[in-house]
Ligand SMILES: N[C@@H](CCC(=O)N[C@@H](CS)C(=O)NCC(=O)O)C(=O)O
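Single chain ahead, written as structure tokens, the form predicted on its own.
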């Protein structure tokens, strides 16, 4: 019997990793379809027909035929469908969503950009790179302060807010940012990595398509 979920993505994509990590933590095996971004596969009509933004990831739910775009929306969908990681009540669900919106606006945008510049996927002036690093560090400081006396970002349990933001913070070193300067954030990443079902990016996202074992 085929698995329920089919994830289309790219091995070096942070947003793809967020979704893959959520599926792994949920104990949901998934078929993985490698999208050749370098070859422009994501801009072909056949892909755009299914993923309107021409991006990765895309998640297909074979139980109902849904084809879902945008990692944050996919994480919310998985939390709703699986009944886990969404927050214990309405107030927590709202806070989870706030953190995910904050992440996209304040942390993911500059850190991901600094990362692709640092590893050579994109060219930019030193000033642009330093601006991105400074903005990411400011956001990490917000996270560091929030985690004082907390185990998780919202409430008493791990949520998709933690998964979403971990999927950015884990690439800090590749962006030229040392997490040692943020001890609470570093400790929090350790807690995420100790969760049952956790797998690193390299173990979830190969450079070729793969059917779930």
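Being a predicted model, the structure only gives us computed values, none of them experimental. Numbering follows the first chain given and starts at 1.
Not on display, but discussed next: the form predicted together with the ligand.
For the options 147, 37, 33, 157, the residue carrying a heavy atom within 4.5 angstroms of the ligand in the model of the complex is 37. Within this chain, residue 57 lines the site of the ligand in the model of the complex, having a heavy atom no more than 4.5 Å away. When the ligand is considered in the model of the complex, residue 104 lines it closely, a heavy atom lying within 4.5 Å. Taking the partner from elsewhere, residue 66 is found to have every heavy atom lying beyond 4.5 Å of the ligand in the model of the complex. Proximity of residue 24 to the ligand in the model of the complex: non-hydrogen atoms within 4.5 Å are absent; the residue sits far from the partner. In short, of 176-184, 24-32, 47-55, 148-156 it is 47-55 that has heavy atoms within 4.5 Å of the ligand in the model of the complex. Contact annotation for the candidate site: 13, 43 and 71 all lie close to the ligand in the model of the complex (heavy atom within 4.5 Å).
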